[in-house]
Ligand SMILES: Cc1cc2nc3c(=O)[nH]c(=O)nc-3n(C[C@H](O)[C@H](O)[C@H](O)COP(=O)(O)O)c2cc1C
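First, one chain by itself: the form predicted alone, in structure tokens.
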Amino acid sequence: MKKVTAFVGSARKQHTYNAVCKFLSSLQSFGDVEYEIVRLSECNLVTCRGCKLCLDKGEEFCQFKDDRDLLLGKMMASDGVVFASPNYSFQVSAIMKKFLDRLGFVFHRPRFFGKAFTSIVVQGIYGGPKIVEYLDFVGDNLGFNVVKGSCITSLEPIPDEVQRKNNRILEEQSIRFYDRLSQPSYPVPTLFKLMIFRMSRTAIARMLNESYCDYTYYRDKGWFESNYFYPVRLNPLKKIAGNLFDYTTARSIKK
């Protein structure tokens, strides 16, 4: 049984919500999948004040006590996660952005490895594909295995041919997402991802100390000595490249 949780950033229970329902229903038809839809508009999420306590000391030091940890727990308990948002002023909705801002520390300390991710954006006229790119970029930097998201159009009234196209897009996306759920959870990283990891961990090791949460997080995970975020076999070329990334980053940083 695979568990999928969809986070919907729309105050209305209409086009974005219906698109998520269509996607999840199609996904469930391929195999043993259970799902939950979380409407962010019904959650208690405060606006991040940028105090950086979550970054420097740890997320437990945040002065606000809202539903952040509850939502994080749902993500950790899922095999797959979906972020869905309408196109509001050429970006995600305010409630979706508030949610993402509350996850800011996870970009420093990613943790959703082995889990699949995709996005759904609903637009009126145009601009949605750029939002899909943004959400997929977010998912990648949170640690997910990203399946390219989709953008559908809901300009009212929706012609039948447009609705059929939307349904086809969501069905095809659900196939790709189910395939990702069925594949090995920990793929070999691309050269670019390997570079980002090795340069980041080397910079953290040399620039920070135990008074910073990023440092202790990486230390406790064993990432200062590992090849990547999770155990993986690198081919000889990537082993050499990884060592080179460590070396050049260390040389560029003066303690």
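The shown structure was predicted, so the numbers you read here are calculated from the model rather than taken from an experiment. Residue numbers here begin at 1 and follow the sequence given.
Here the subject shifts to the form predicted in complex with this ligand, a form of this protein not shown in this document.
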Interface check vs this ligand in the predicted bound form: of 134, 144, 88, 178, the one with a heavy atom inside 4.5 Å is 88
Under a 4.5 Å heavy atom criterion, is residue 124 part of the interface with this ligand in the predicted bound form? yes
At 4.5 Å between heavy atoms, is residue 25 in contact with this ligand in the predicted bound form? no
Flag residue 154 as yes or no: does it have a non-hydrogen atom within 4.5 angstroms of any non-hydrogen atom of this ligand in the predicted bound form? yes
Under a 4.5 Å heavy atom criterion, is residue 15 part of the interface with this ligand in the predicted bound form? yes
Report the stretch among 74 to 82, 104 to 112, 124 to 132, 170 to 178 that approaches this ligand in the predicted bound form to within 4.5 Å, counting heavy atoms only. 124 to 132
